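For reference, the chain that follows is the form predicted on its own, supplied as structure tokens.
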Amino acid sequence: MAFATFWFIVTTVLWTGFFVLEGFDLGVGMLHAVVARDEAGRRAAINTIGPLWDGNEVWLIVAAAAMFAAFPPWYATTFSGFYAVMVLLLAGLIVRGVSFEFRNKVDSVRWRRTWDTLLTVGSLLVPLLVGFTLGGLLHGVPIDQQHEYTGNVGDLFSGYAVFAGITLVLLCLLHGATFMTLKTTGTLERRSATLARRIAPVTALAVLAFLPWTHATAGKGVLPSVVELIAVIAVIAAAWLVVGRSEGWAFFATTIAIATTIVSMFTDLYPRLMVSSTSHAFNLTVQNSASGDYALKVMTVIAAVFLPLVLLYQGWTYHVFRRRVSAEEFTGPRSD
């Protein structure tokens, strides 16, 4: 079972990487029409993530693929039980991706505003629904002895799952606002900083409520884990640094806050993968849901070869597109 535990850690890392990298993309998508008051500003805001968003989104695909390959029953029960949620999530991902490509295809204000709205809605749905699903895995949903979902859509809803989605939305908003302060200039930078200062206290309060709730829901006692303590410190530091206008350190703090929040959900879930509200005897666990040792060994070799290459390539991409974006770059004649 050593390989099974290893792949639970890998899956946790992949989901964490998705929220760290795609988190600021989602935040920019939600905020681009708020931080910018004209077309040039909106185009500049979108272009801060233009070269990055699709590469960051791959982490979501790889995380789901890791669940499928390493823990097939976990993947099957989650995607069947949360089917309606997954359809909405897929719709959000589609309209979000299409909006990047389609908003500038027609020179019409109404056309662009429509796609801007879809970009905002799609960017909101992704963290909300993924957070809702992760919260449901920990809180528990009706699962029988055969690890089949036995409830309906209403059984997916719980206060904790909904709050998990809201918390991740707020973290992405703060992450995106701090990112735009690093990637824009002039008025856009100032408005991004103002938004970050307004969002930071609300996000900090949400995380401070969410982490103890997560620990209590998992039945892990009253004392927080080290990861949860780091998350609390990071989100408080992010709020303080945003007010102090330490742009780089504020973005670093939001990165740590969102990463440790996701990690805390998975560490509190372990060794379970999905909690059954019908009976804890029906829980999906690392032990009863893992693929065979040979399959996990082959996957480990493949991951050891290709994951470092992917990280190097993505790091190089961030280096190439590191410069700030100015609204003045988009005030001239349209070229797209």
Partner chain sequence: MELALAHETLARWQFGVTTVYHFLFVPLTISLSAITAVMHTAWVRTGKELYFHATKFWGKLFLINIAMGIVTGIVQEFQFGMNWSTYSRFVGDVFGAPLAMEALAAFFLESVFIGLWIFGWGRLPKRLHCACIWIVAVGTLLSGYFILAANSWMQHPVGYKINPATNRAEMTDVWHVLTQNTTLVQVFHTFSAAYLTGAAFVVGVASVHLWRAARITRAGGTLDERRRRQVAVMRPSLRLGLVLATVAGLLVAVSGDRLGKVMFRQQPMKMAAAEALWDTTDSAPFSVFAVGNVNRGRNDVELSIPGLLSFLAYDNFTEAVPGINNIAAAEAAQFGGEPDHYIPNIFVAFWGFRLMIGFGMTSFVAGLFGLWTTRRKLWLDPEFRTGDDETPRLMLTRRHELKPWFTKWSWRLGAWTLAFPVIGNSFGWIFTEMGRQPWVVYGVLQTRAAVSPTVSQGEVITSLVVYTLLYGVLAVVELKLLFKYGGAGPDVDERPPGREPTLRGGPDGEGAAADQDKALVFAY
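Residue numbers count along the first chain shown, from 1. Here the structure is a predicted model, which means the values were calculated and not measured.
There is another form of this protein, the form predicted together with its partner chain, and it is not shown here; the text below is about that form.
Thinking of its partner chain in the predicted bound form, which stretch from 218-226, 170-178, 98-106, 203-211 has heavy atoms inside 4.5 Å of it? Heavy atoms within 4.5 Å of its partner chain in the predicted bound form occur in 98-106.
Decide yes or no: are Thr12, Gly140 and Thr261 jointly within 4.5 Å of its partner chain in the predicted bound form, with each residue judged by its heavy atoms? None of them does, since no heavy atom lies within 4.5 Å of the partner.
Only one of Val35, Ala290, Val275, Met30 comes within 4.5 Å of its partner chain in the predicted bound form by heavy atoms, so just point that one out. Only one option qualifies, and that one is Ala290.
Tell me, yes or no, whether Val243 is in contact with its partner chain in the predicted bound form, where a contact means a heavy atom of each within 4.5 Å. No - in the predicted bound form, heavy atoms of Val243 and its partner chain never come within 4.5 Å of each other.
Is Thr194 near its partner chain? Define near as a heavy atom within 4.5 Å, in the predicted bound form. The answer is no: Thr194 has no heavy atom within 4.5 Å of its partner chain.
Would Phe6 count as a contact of its partner chain in the predicted bound form, using a 4.5 angstroms cut-off between non-hydrogen atoms? Output for Phe6 is no: heavy atoms all beyond 4.5 Å of its partner chain.
Is Gly186 part of the interface with its partner chain in the predicted bound form - any heavy atom within 4.5 Å? Residue-level check for Gly186: no, no contact with its partner chain.
Taking only heavy atoms into account, state which residues of 144-176 are within 4.5 Å of its partner chain in the predicted bound form, ordered by sequence. If the 4.5 Å heavy-atom criterion is applied to its partner chain in the predicted bound form, 144-176 yields Gln146, His147, Glu148, Tyr149, Val153.
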